[in-house]
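What follows is one chain in structure tokens, specifically the form predicted on its own.
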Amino acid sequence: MANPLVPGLLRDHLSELADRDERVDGRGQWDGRELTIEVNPLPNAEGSAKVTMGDTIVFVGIKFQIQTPYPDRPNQGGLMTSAELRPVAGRHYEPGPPSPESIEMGRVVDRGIRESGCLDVDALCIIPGEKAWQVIIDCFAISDDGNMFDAFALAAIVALKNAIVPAERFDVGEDYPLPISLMPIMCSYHKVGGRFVYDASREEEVGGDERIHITLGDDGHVHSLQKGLKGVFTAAEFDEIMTAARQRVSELQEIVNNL
């Protein structure tokens, strides 16, 4: 059974560090951990990516299936995102049906991509009212050391950018690259020790408070905002977070474009 004193002691320690403008791993307030991205590491997926942020490691795979379009959207394809969080990723996860955490992660990643319009759902239609592609984004956690949201979101957009629509296998034409017109990038900020920090580690998440997930796209356009956990942030804090997010998104977009 977890010791209830540990989170309290951790919070006190994180607050002391924040007072000195420090973090547990020596990073600055807006510094991210070391990042590596591997393109198409999963040979059985139509597109895939592996993202490592510090000791957080995730895989994302893209699959396609043909479905009947929804009656109210007969000329559009679909998008579905799911996240797998298993005990192999961390002792705080349990086997069984999807947990509230995994459902939330899948929805937040899905929302950032869907609302950006980077995926042209009209172009996914094969025969109006009869056949359309559904794009399936499967997210798998290998190691959770914090900020799984950003890791999944980044791996998802990289995997989508490198996905091939398997038209030949479904006998509906020739294979072609999935057209992705924009590049939504998520940046998450966690309130730790009374201030917000970027790319929180697992320790900072356990000892922190509310969080906010911001998905920005080309030219800094805001595609989605998602607040998590209890708590509030001021207008000044939000302005500070948005300034940091715009800078970091620009850096990440350059990294992805150079893959």
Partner chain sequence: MGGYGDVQMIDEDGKRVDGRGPGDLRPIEIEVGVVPVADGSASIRWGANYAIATVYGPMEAHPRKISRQERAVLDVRYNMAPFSTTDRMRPGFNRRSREISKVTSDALESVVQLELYPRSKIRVEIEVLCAEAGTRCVGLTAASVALADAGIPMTDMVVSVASGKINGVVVCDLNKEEDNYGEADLPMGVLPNTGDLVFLQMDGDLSPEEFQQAWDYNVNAAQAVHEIMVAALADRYGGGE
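Residue numbers count along the first chain shown, from 1. This is a predicted model, so every value here is computed, not measured.
Absent from the display: the form predicted in complex with its partner chain. The rest refers to it.
Heavy atoms within 4.5 Å of its partner chain in the model of the complex are found in exactly one of 206-214, 227-235, 38-46, 189-197, that being 38-46. Proximity of Gly61 to its partner chain in the model of the complex falls within the 4.5 Å heavy atom cutoff. The shortest heavy atom separation between Pro95 and its partner chain in the model of the complex is within 4.5 Å. Among heavy atoms of Gln65, some come within 4.5 Å of its partner chain in the model of the complex. Though the partner is left out of this view, Arg107 does not reach within 4.5 Å of its partner chain in the model of the complex, counting heavy atoms only. With the partner removed from view, the residue among Ile126, Ala89, Met183, Leu79 that has a non-hydrogen atom within 4.5 Å of its partner chain in the model of the complex turns out to be Ala89. For the partner-free chain shown, Ile136, Asp138 of 122-138 come within 4.5 angstroms of its partner chain in the model of the complex, judged by any non-hydrogen atom.
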